[in-house]
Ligand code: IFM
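The form predicted on its own is given below as one chain in structure tokens.
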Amino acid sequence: MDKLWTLQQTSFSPLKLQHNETVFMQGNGYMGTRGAFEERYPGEERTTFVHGVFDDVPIVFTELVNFPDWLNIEIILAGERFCMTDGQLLEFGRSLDLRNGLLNRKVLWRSPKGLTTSLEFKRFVSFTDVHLTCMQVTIIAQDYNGTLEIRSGLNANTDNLNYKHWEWLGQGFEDQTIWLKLKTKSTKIVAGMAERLQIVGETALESDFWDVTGCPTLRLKTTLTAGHPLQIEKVAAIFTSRDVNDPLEMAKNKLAALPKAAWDELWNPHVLCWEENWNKSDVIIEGDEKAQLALRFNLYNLLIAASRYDEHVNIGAKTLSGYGYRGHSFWDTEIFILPYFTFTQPDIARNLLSYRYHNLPGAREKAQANGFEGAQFPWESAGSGREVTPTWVPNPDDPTKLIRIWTGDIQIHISADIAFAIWQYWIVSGDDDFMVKRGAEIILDTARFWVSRAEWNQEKERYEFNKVIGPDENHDHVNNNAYTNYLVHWHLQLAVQLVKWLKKHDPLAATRLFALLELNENDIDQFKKIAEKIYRPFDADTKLVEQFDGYFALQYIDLKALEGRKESIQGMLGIEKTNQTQILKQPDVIMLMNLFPDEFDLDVIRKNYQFYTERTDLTYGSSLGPSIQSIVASRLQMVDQAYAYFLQAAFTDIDNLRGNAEDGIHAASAGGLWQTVVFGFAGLRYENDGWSLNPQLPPTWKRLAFKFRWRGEEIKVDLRPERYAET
């Protein structure tokens, strides 16, 4: 077992079931299954989510749908049901091999009647055939001969935190395969699932099909002989009407085409596919084993979240790993997650950006509904690309009251975030085709939105953006949020330059796009005029950028005096009181300087870093904060601080640092972690005309090595103390 690649659990803890379900997550970019045990336990949140399968739900508009449970397998040994909370658990070990996504559990169990059995569970979600999952269970009776009974079904009696989405359409049994057909209630997506269960190398003494509505079940029964291993294999297939016209028939045919013992046939190409992915995207750290493992854990979760085949889906804030945020996507994808793929697997990045292109109709609808022109992307997006941010949510302190959620109304910076991600992808990949056919339309139509959203202040002769929310969600309805204003200024300038490039590079495409968007030269002049007049706060004397109008006048709270707390400042003070303080959920100004380091000199960055770090709730605020702090600290050569923030991001989920890992993986933190290493410690910088490195390695790191792609060329970086080399 390679400790640099293997996540281990050495004791069974019923109180940590949900946290460990997140940590031992498996997936393949099509589906994701939480790391629940095959046998059921109270308090679980066993889920399987499939990309793009959303359904309507009260209050939160829509959510990813929990699929029927394919994990369930009930083992009855000599008449006693295997359960780790009964009898004695003599040995327990579980591991997740990050190299290939193999989840392995070994148990030595003594039953209440004193019979001892060794059990090993292995399973994987195929990376090469994304519709398939495979499980293998090896059972050895240690000190007895007796019967073995296996019961396994496709359990459609699943829900999303007590809300049921599935309508039952049918089920059955044929050719040793059970099947299930369902449809979501509102979106009418059909799912077809099939499962095959068998004892490898043995003929079962009995084989039954139990036709339980909503849970078709196979039962196998045979005999255990002391000391002789017996192996069970289970393969399941999942298709939906998003994939094929007849998902059930495809699921059944997929299993029928497999050999009787399918593990090796599925496992070997799966491993090769993982090797290929890691070869492109791994980061090697020598001299810091815990950092190496934690980094790979986070990268693993990005790799299993990203679709390689479907450009109509995005990566949710919790990937496919839990109920948090209901599977909705935010700016997390473009600003935190996408750079990893843009620099290592640009084909995936193109897919994720294409999701935004396909959902332009929803962005245009939102702009029009709000009285604006162009395209205004939703703060929370799901299947259709329309706004799905809940307007109200229940108050956890008082169930009789609701809390108003304003982000869907006034957190508008996401449209510029998407433009930034498209620009970054274009600069790094050199993919002119994407820019011409998709990217330019997004950038220009969102620029039209900014023109109609900008507010002219006649007295001060400037354009402003008022009543907004920046990345720091501790403060809402603020005026002239620095992050928003600076980013819109950049966005409109980009639009002007893009039009010039497009006319030169592909005049016909430029003409077509102008006609489609009803643009003319006066509109482009307006882009330039507004960009020049947008108010961008900066105090030349203090060299501070005020986060928003009036921020400096808010109440100061000394966070150091509150050390030892177990909740966020907002949790302590409430939403309204926190809004009146300088405490930040995350620092907008530092994020701004992270995205545009060349726009500010180091002295300005240093002063703002020190000022806003002191006022940011980095422990219990946003999980997006520590990685950005780390990058900027590296650029300021504060390597010790950078490393401390790196560790905070790295162990967010493994150690459940924020106390909410049961809701799912913090995907933005995982993406930000890669950036802390590559943009921070390695000092990778990029511009139109090339890239450069300025390493600032932590003192214990003996080596940092990674690859990235620059305009079709693979770049290998190998950094060591006092020197670096790239080929």
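Residue positions are given as counts along the sequence shown, with the first one as 1. Everything quoted here is computed from the prediction, not taken from an experiment.
If you look for the form predicted together with the ligand, you will not find it shown, but the lines that follow are about it.
Colleague: Among 585-593, 260-268, 604-612, 224-232, which stretch has residues with heavy atoms no more than 4.5 Å from the ligand in the predicted bound form?
Modeller: Every other range fails; the passing one is 585-593.
Colleague: Asp332: heavy atom within 4.5 Å of the ligand in the predicted bound form?
Modeller: Taking the distances in the predicted bound form, the answer for Asp332 is yes, it comes within 4.5 Å of the ligand.
Colleague: Taking the shortest heavy atom distance, is Ser622 within 4.5 Å of the ligand in the predicted bound form?
Modeller: Contact check for Ser622: yes, within 4.5 Å of the ligand in the predicted bound form.
Colleague: Can any non-hydrogen atom of Phe341 be found within 4.5 angstroms of the ligand in the predicted bound form?
Modeller: Close contact is absent here: in the predicted bound form, Phe341 is far from the ligand, nothing within 4.5 Å, heavy atoms only.
Colleague: May I ask you to check whether Glu473 falls inside a 4.5 Å heavy atom distance of the ligand in the predicted bound form?
Modeller: Answer yes; at least one heavy atom of Glu473 falls within 4.5 Å of the ligand in the predicted bound form.
Colleague: Name the residue from Trp379, Tyr486, Phe449, Tyr645 that puts a heavy atom within 4.5 Å of the ligand in the predicted bound form.
Modeller: Exactly one residue meets the criterion: Trp379.
Colleague: Considering non-hydrogen atoms and a 4.5 Å limit, which listed residue (Phe600, Phe124, Phe297, Tyr325) is close to the ligand in the predicted bound form?
Modeller: If I apply the 4.5 Å criterion carefully, the residue I get is Tyr325.
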